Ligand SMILES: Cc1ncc(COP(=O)(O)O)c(C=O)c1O
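Just the one chain here, laid out as structure tokens, in the form predicted alone.
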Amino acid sequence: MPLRLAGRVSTVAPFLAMEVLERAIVLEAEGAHVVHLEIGEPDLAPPPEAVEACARALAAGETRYTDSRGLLTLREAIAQDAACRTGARVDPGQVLVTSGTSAAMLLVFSLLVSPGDEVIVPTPHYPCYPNFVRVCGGVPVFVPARAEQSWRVDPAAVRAALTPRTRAIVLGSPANPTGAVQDRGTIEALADLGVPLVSDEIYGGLVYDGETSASALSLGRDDVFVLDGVSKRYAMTGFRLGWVVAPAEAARPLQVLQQNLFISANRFVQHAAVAALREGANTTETMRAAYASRRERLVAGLRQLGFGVTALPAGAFYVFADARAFDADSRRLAFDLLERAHVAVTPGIDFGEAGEGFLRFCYAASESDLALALERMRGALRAA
């Protein structure tokens, strides 16, 4: 008898950035040298204090469960960091530590979304947002942004998409894949629409050209969920440590969900996160300065090749480039560049229909890798 899968599984599309990575791994096993620009993976090292704290915790036997909400010392460090960066006062009791920001998203959408409910997703969007909504039985509703408007979210367009079934609005700022940074007025306007705002701030602090990344925490509202973690700002992707700062009334239900779905985040990794938050500022600033330079070099190189980039991305570490001069099918073009040039990039269609015809390039890679990728693509695109 064939295995019967839950219907919701078929609504979840493959994560194409991972599909590209996994094909690249096969090519590398066959002897190819692949330049990786497809994954949002900082090439710089984590704060040494975080690595040392993790090692000390392991050596000291810090390998047991913690409180499902996370170590109190970590929740206090998160609240203090939020106060320093955003000016907001955060009660550590509103903080839930998770195994990466993805787990935080799943918990928040599990809390807010019932079958048939709608969640508004400005697009191009992080590929997993709508899939978390779908796994919870919800329906993502996409509101496109435009390259010529620097991918800014239009609150009026979001308002027009509201229905009685709307349960949340998702916002990423700085954004993946576009690097767009939303100003405080936009965030406030979205929060004023009368449904919970789920604000993904994992790239907070990685901004350029004097931009500031406003936090939804600074609004002081009781219907805002803020997602964050150590992955991007501290180059700690493999540590898988994130958190959600939730409204007070949501703290207990989220705790119960965490108890059942995940129990707790890794104890020794939580010690690493405390050290990163308290002592990792230099790592973040070094990273930001390096990425600002790489961003300019990559954008200049892509433009010379014929890709369309209307403006330098204001934050995060991605360039979302118009590739329709070469191929309107972004998946076909991305895999063609991987196979022929051994350059791994992410198809724009991974970020929704609004991203079709674009490719996402990650500049959290060494300058030598960026130069090599541009040279390889020059040859491949001329030969096409």
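Just count from 1 along the sequence shown to find any residue number. No experiment lies behind these values; they were computed from the predicted model shown.
Below: the form predicted in complex with the named molecule, not depicted.
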is_contact(Thr101, the named molecule) in the predicted bound form, heavy atom dist at most 4.5 Å: yes
Interface membership of Lys232, the named molecule in the predicted bound form, 4.5 Å heavy atom rule: yes
In the predicted bound form, Ile202 touching the named molecule (heavy atom, 4.5 Å): yes
Any non-hydrogen atom of Thr178 within 4.5 angstroms of the named molecule in the predicted bound form: no
Candidate stretches 93-101, 184-192, 69-77, 206-214, one within 4.5 Å of the named molecule in the predicted bound form by heavy atom: 93-101
The single option of Tyr291, Phe225, Trp151, Tyr129 touching the named molecule in the predicted bound form, heavy atom within 4.5 Å: Tyr129
Contacting member of Ala276, Met105, Ile169, Ala246, with respect to the named molecule in the predicted bound form [4.5 Å, heavy atom]: Met105
